[in-house]
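Okay, so here's just one chain, in structure tokens, the form predicted on its own.
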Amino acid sequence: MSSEDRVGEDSRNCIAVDLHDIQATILRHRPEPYFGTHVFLHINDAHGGREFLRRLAPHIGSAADWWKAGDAWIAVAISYPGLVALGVPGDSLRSFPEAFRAGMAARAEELHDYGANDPKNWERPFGSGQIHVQVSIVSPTEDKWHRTMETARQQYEGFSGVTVLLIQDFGAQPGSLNSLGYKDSIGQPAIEGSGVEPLPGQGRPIKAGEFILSYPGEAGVPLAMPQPDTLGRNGTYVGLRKYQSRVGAFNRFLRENGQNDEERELLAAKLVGRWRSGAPLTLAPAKDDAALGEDPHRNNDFTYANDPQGKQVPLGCHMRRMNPRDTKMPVLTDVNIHRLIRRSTTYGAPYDANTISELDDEGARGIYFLFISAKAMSTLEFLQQDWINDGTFMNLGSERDPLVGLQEERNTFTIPKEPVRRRIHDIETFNVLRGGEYLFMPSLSALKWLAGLNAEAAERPARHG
């Protein structure tokens, strides 16, 4: 059943957020298959940057009619240095959260980005303050991708107002699998008032204010937002993280800890909580079920009520860490306030199970994660500290997320089983952080406000911390 089929008049009439003012990426799921490009730009001067936004704004997709599949769209997000470069007044700049103003590289300690993930090891221009604008093009078909990319290119190519720093194509992977061979982007949160019908297993819709500024959140009140209201309303924040996948290390790990393909695939499923197809271990504990993995009405419809010890789905696997659902944890927390909209895009060569060379660990392939939330900075930093790079919340000691955790020497991964649990030693870091940015995704009306900042405001000295 298509997304359009499952959206009836009742749900459309319950829409409480301004879909026409919200950027499409916030609600539109990534298509499958998918094609696209991330373009990272530097603003050369305030007037030129504002003119670029004025040119680009009419082509930015809105979330209106999100259920109509088949369209390509353009999204735009701006860093704090980008807002400064645009000439945003000092009072407005100071109204943004401290973590956003500091930037992701400066928040390395809070994000546990050290060692291999330290910003000093990032690819430039990430973390340099030079990235001012990210433009993303997402399409369900190759021809629409090229046409939409050309539309975006016409707004910046040969235009003196901005300079292109980096262009990264993504997608076009067989089966839309990620760089380690898994179907991903399953299990997104449902947003109250968006008109998006919750899929089975999503639970109750989460308050819109957790994801979009100016609406009540789970606490019943809106979060503080940038000022003036025109700038903050219907906007959100994005945590962008570029990972390089060490495919050779991952495959060597599976081979060293599985005697045959069947055992290796089961181990791969235990690390994530799902088989490669996307079928969850809760519903397919013994073997993969591709039909289940492909069915959005079944592949997320489960709880952990009958698996409290993690004998089907390990407590420390990637999926259970990122969304514990009804798992009883020693550290009490409201799972719904830590949810993120995830928009992942895979770049580089497709996953190859026969890749085992150490040379392949340095290959240019991996994943761009875009984490979207009205409090993306605090949520991402919480997840990195407590759920990804620690195991205390699941009584797992120092164990870390096996997929995106930063592993230390002699780290382990525990698989509960009878009669004795299995502890796998020497798990490596399979995805190394190569860059990241905190970005603000303005509403469509805020983009027009930014593009229309007058010269007088731009010339005033901006005091910002």
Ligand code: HEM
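Being a predicted model, the structure only gives us computed values, none of them experimental. A residue's number is simply how far along the shown sequence it sits, counting from 1.
There is also a form predicted in complex with this ligand; it is not shown, and the following applies to it.
Exactly one of the stretches 101-109, 158-166, 127-135, 183-191 approaches this ligand in the predicted complex with heavy atoms within 4.5 Å, and it is 183-191. Contact with this ligand in the predicted complex, judged by any heavy atom within 4.5 Å, is made by just one of 351, 145, 369, 215: 369.
Though this ligand is absent from this view, in the predicted complex it lies within 4.5 Å of a heavy atom of just one residue from 403, 39, 46, 427, which is 403. At a distance of at most 4.5 angstroms from this ligand in the predicted complex, all three residues 274, 323 and 340 contribute at least one non-hydrogen atom.
Taking the partner from elsewhere, residue 388 is found to have a heavy atom lying within 4.5 Å of this ligand in the predicted complex. Residue 237 falls outside the set of residues with a heavy atom inside 4.5 Å of this ligand in the predicted complex. In the predicted complex, this ligand stays beyond 4.5 Å of every heavy atom belonging to residue 225. Using a 4.5 angstroms threshold between heavy atoms, residue 139 stays clear of this ligand in the predicted complex. Along 231-246, a single residue, 243, places a heavy atom within 4.5 Å of this ligand in the predicted complex.
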